[in-house]
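Presented as structure tokens, the chain that follows is alone, the form predicted alone.
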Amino acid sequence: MKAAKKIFETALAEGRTFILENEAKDIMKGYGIGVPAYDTAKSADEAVTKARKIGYPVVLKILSKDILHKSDAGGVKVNLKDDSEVRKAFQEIMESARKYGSEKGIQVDLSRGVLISDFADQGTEVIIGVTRDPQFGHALMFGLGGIFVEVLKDVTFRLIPMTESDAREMVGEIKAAKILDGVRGQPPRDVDALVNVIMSISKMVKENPEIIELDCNPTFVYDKGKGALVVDARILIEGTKPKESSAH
């Protein structure tokens, strides 16, 4: 996919080895992966206009080449329900980003403004990630998200590229797989949609080996037939030379 290569080239030209969230979602969409509706805005007024178009509630997130971990910089506001909340959130995000920059001794670039995204309905939370091992190449990780990842470490790995049967095996071999089948009166989840996301990410990484780390967390899986959405996506790419980012 040419668009992905162009995004990576732009990032490296700007001296960054991470992809901004709107860029990551552009790439996801290009590979047929579902993401919540999103847009970008450079002013509070524009944010309100775009939020109305997407439909409330929405999420606002800072977009800056100087900020990798948005939450650390106070750059995320969720479940905003009306115009006034979006206006206030936009101002607070910009103030927090400036403060974060002054604490780090850098001038934070705020020219890209914010990402505005639909506040996705809660689904069953899963995590899909990719790491690159110097010896074995890229490996894809899958597991149930949230507390299941943090506490139980209930994840499984496969080397990329993968077949569909690999993807289905992964989904079935985590300890919490029964949750996806539907337990205690819960309907089964859309495992086919989840397998498609895993396969699309495998393809994306195979075609773009400069990706060194990818994190789709959370990814929400809905009831059978209702699909899956990558709610948050983070992509790190290989730099032309190792560089200590001011975003850390």
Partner chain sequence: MAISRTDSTRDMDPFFSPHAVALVGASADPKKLGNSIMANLVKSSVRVYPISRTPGRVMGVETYSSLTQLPETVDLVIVAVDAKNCPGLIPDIRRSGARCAVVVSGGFSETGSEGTRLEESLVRAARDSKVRLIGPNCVGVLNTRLFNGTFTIMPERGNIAFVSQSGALGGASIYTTQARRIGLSKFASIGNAADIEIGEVLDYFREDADSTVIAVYIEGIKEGRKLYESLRNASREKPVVVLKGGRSESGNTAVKSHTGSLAVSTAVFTGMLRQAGCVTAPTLDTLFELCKIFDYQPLPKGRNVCIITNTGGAGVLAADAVSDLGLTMSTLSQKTRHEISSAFSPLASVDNPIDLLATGARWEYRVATEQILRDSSVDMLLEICVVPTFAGMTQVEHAEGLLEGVRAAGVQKPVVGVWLAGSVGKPGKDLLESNRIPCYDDPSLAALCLARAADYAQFRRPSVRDTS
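Being a predicted model, the structure only gives us computed values, none of them experimental. Positions refer to the first chain, counted from 1.
The same protein also exists as the form predicted in complex with the partner chain; that form is not shown, yet it is the one meant from here on.
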task = Go through 165 to 173, 97 to 105, 74 to 82, 111 to 119 and give me the stretch that gets within 4.5 Å of the partner chain in the predicted bound form, heavy atoms only.
result = 165 to 173
ask   = With the partner absent here, would 153, 159 and 217 each sit within 4.5 Å of the partner chain in the predicted bound form, counting heavy atoms only?
value = yes
key: 4.5 Å heavy atom contact, residue 226 and the partner chain in the predicted bound form   = no
inquiry  = Taking the partner chain as it sits in the predicted bound form, is residue 132 near enough to touch it, meaning that at least one heavy atom pair lies within 4.5 angstroms?
reply    = yes
key: Contact label in the predicted bound form: residue 24 to the partner chain, heavy atom within 4.5 Å   = no
request  = Tell me, yes or no, whether residue 177 is in contact with the partner chain in the predicted bound form, where a contact means a heavy atom of each within 4.5 Å.
outcome  = no
Sole residue of 46, 39, 213, 207 within 4.5 Å of the partner chain in the predicted bound form, by heavy atom = 213
